[in-house]
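Take a look at this single chain in structure tokens; it is the form predicted alone.
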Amino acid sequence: MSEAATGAPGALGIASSKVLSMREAIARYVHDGDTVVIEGFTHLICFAAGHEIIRQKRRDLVLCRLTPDLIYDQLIAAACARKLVFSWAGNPGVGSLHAFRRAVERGRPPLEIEEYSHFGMVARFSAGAAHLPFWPLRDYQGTDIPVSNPLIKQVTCPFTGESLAAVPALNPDVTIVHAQRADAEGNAQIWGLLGVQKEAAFASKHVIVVVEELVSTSVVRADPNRTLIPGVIVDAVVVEPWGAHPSYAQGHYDRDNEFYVAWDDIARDPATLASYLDKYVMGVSDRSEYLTLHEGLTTRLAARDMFCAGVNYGY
């Protein structure tokens, strides 16, 4: 926790705090059968939350995300998922998600899939965030995705008569967003590569924000344009340094490319994957114990300083 989060002018009082442990946040807001989103586009993917969901043995989840990668592979292997709603699935830069492939090709474990294009998923979150029933787009002309997904419909524009595709709104039960920092009220600030964290959060019934650092409200107010998720829609704030590993957090640590490459061999064999989950997920109680099993990790991947110049908000 940053020193700025305690005793600084503008710091929130204890009564306003939404800070929970990861165990408490998942227990309170993620339930069997829920529709769950763990967003982040290569950057800021909350593996720590996914691991806690596995430890708490949630079942029959509908997992949604534009680009499910290793954490969803792990959730599928742990039999947490009933269905995957997505637009692309794979191990970025490496190859397949092998637990996902086994589930789809062999039904081990069984997994329903619902596929869209990238913009189709963005449109679904956008409709959910805007409280609209659907979102129109030109995205599927010349593709066969609507053949395999009957939820993609055709509508006629009332202004031009043009035939457009339409996708239904997506309103998850809970969205989990990893951020660099937030105050205790949940005002979360992100910089670097963005995905659809904002749209997914606004579309969701509940929002858990997981952060590298807890800061005072005065820090947030000093740099308001970085606030991507406002505290008014946040239910819980979890302080979990290195919670996005093996993905990265700009300004805190780099992407662990070695792990992504290694995952291909780990996940290819079901027994090896099960051993990994037993040791690094089920075998630890929290993220700090997870880090003790990765000797030298925090030194190897720690970000060097590269500060942006200050901005004058005065008048």
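Sequential numbering from 1, following the sequence displayed. Note that the coordinates shown come from a computational prediction; the quantities given were computed from them, not determined experimentally.
As for the form predicted in complex with another copy of the chain, it is not shown, yet the points below apply to it.
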Would you please decide whether Pro241 lies within 4.5 angstroms of another copy of the chain in the predicted bound form, comparing each non-hydrogen atom pair?
no
Any of the heavy atoms of Ala179 lying within 4.5 Å of another copy of the chain in the predicted bound form?
no
Contact of Leu291 with another copy of the chain in the predicted bound form (heavy atom, 4.5 Å)
no
Is the gap between Gln250 and another copy of the chain in the predicted bound form 4.5 Å or less for some heavy atom pair?
yes
Work out which of the listed stretches, 267-275, 250-258, 30-38, 283-291, brings a heavy atom within 4.5 angstroms of another copy of the chain in the predicted bound form.
250-258
If you apply a 4.5 angstroms heavy atom cut-off, which residues in 148-182 are near another copy of the chain in the predicted bound form?
Leu151, Lys153, Gln154, Val155, Thr156, Cys157, Pro158, Phe159, Thr160, Glu162, Leu164, Ala166, Val167, Pro168, Arg181
